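This document opens with one chain alone, in structure tokens, the form predicted alone.
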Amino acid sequence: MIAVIALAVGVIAGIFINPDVPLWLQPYLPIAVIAALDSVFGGIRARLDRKFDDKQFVISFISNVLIAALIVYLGDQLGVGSQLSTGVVVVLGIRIFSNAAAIRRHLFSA
């Protein structure tokens, strides 16, 4: 329940405060959000499978975001940032949809 309240407070604060993302951070934010969503869906799947571990979730969440941002940063430094960004989005997207399918199968017993 605390997490739901914290999420609601964060969304409301984000709407009313209207934070500005620095220009240097803008290329990495969408990738970080997709990496975070991958971790969240993986956590939901693990919870439904009764294999959830909070330490593993936090480590997965942080490492997914950092590794995805690092890959995009290296791509920018090498001049192929858009290609590596696309690769990260495709890989994480496949994982998100795989976890979503497993969640759906678990919830609907299909």
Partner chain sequence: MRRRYEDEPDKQRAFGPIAVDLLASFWHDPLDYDAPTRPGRRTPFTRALTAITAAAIGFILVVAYQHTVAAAPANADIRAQLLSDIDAKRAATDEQQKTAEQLGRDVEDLRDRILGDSEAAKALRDKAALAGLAPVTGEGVTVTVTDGPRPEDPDAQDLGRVRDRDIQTIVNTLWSLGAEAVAIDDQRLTATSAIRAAGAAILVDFRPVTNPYTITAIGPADLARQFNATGTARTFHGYSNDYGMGFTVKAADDLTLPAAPAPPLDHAAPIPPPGTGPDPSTTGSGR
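The model shown is predicted, which means the values in this text are computed figures rather than measured ones. Residue numbers count along the first chain shown, from 1.
Here the subject shifts to the form predicted in complex with the partner chain, a form of this protein not shown in this document.
Although the partner is absent here, residue 86 lies well away from the partner chain in the model of the complex, with no heavy atom inside 4.5 Å. Contact check for residue 78: every heavy atom lies farther than 4.5 Å from the partner chain in the model of the complex. At a distance threshold of 4.5 angstroms between non-hydrogen atoms, residue 97 is in contact with the partner chain in the model of the complex. Contact check for residue 6: a non-hydrogen atom falls within 4.5 Å of the partner chain in the model of the complex. For the stretch 34-58, the set of residues having any non-hydrogen atom within 4.5 angstroms of the partner chain in the model of the complex comprises 36, 37, 39, 40, 42, 43, 45, 46, 49, 50, 51, 52, 53, 54, 56, 57, 58, in sequence order.
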